[in-house]
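The data below hold one chain only, encoded as structure tokens and taken in the form predicted alone.
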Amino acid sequence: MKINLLNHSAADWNTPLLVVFAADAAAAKDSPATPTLLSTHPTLQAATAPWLESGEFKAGLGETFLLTAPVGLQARRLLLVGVGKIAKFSAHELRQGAGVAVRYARPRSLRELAFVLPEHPSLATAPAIRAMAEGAIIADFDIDFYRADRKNLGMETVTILVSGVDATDASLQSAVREGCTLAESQNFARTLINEPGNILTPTELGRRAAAMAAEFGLACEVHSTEKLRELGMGAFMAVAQGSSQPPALIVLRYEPASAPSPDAPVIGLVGKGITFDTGGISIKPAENMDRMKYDMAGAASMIAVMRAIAQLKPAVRVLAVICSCENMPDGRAYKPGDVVTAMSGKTIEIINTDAEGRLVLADGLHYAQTLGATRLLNAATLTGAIGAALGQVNAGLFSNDDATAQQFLDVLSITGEKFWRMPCTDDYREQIKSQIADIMNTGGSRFAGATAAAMFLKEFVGDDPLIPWIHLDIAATTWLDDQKPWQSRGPSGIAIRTITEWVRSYAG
């Protein structure tokens, strides 16, 4: 998809579909809807006024209303897109509104459209442009890759029409590029997550990571079984040994053009890459096991973040460690009751082989520190318990450092994603104490399962000196069961935009 930013009158722009946004300006919650056009353009005002006044269109978030052959416009169609209550209107609702328009156009074989940049006092121009670019590209994705009757319904050109500002301004053009980069990287991750486990094996994930790195100028290493043995990654190896598919240890590195100061942080990103998870000997129920192809979403997210970082070029060092394997119930598979030794030297009693993600992450977190990481963030589809706690609205955030967690939460106003900080304090450590090893891999209780998993990971993060660390449990928000007006069902690509912004925040 090509996105253009132009100074041009909306009335004179010839396009199959012109999109204008409207909000509900009703003052009180229970008042009748008062749809208001977010444009002062007189021709647009005149064309839409009868429909805004009729009550047929209420400007609810995701609501659409089509006018064909609109009077006074060169556009063949005019699409009104609702963004909800005007009091809550922000770049996030605009991002969704842009996605609604693209999802509306795709099944109608419309390959180009134009947006009229909305006017609202709280909406700065550059963030609005970036949000529209992100929303359009994120919406231009579907999961039907392997259908014989699949049609290429993708958008070809999206134009954002602005007035009263210079469309060639460097900051505005940069906003377009940033929006495209972040959304394309999010879709890159969604493509990986959508792949079946028989196609996206750990080896194939390594190949795709290496190809991405070569395209965007990142250093990349892909290792397998011998390297894991050499490094003493006993936790990672335990999970991998039950599969005929060899594991993949993927390391990606980004170096900024100018060297940061010696005391600048080195960001380490660690991703869980279980390309298929049967649960191992503690096998999962058959129902919904097909979804376990997405148990590598944390790894896909980190690869996608590195793709974005390589193009956005922040002045901060970043490395990513991806631990990828399958979790299978082979005769060689690890068993409940086994004791394994992690790379750090800690011993782990295996209580449940379906708690495998924390094992591969344990070695990944430790390895990232040996490579020089001084700030750590891992992402993983780690626990069903996080869904029980937060539903499918917020992803879980755990941290050992308040300032680092707040720095992450501060960028949510830019990305519009939703994370909720969960407890990760020493009060919960008792849950993972083992009688025969240093720790056990599950909490042994049905309570606070997501926190027990976080406490396990915390054991592999340095505390003398403290290594600031964030753990994102994205298990309940990785896959959308229902299609949204602005996004297809399937992999959501959550966290990529936010992690990227968090990394950039260290570059000042």
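Start at 1 and count along the sequence shown; that's the residue number. Nothing here was measured: the structure is a model prediction, and the numbers come from that model.
If you look for the form predicted together with a small molecule, you will not find it shown, but the lines that follow are about it.
Contact with the small molecule in the model of the complex, judged by any heavy atom within 4.5 Å, is made by just one of Val158, Leu182, Ile350, Leu382: Leu382. Among the residues Ala91, Val222, Ala355, Leu205, the one placing a heavy atom within 4.5 Å of the small molecule in the model of the complex is Ala355. Not one of Ala133, Asp142 and Ser488 comes within 4.5 Å of the small molecule in the model of the complex, counting any heavy atom. Only one listed stretch (287-295, 304-312, 81-89, 245-253) carries heavy atoms within 4.5 Å of the small molecule in the model of the complex, and that stretch is 287-295. The shortest heavy atom separation between Lys272 and the small molecule in the model of the complex is within 4.5 Å. Contact check for Asp363: no non-hydrogen atom falls within 4.5 Å of the small molecule in the model of the complex. Residue contact with the small molecule in the model of the complex: Leu457 places no heavy atom within 4.5 Å of it. Using a 4.5 Å cutoff between non-hydrogen atoms, Thr442 counts as a contact of the small molecule in the model of the complex.
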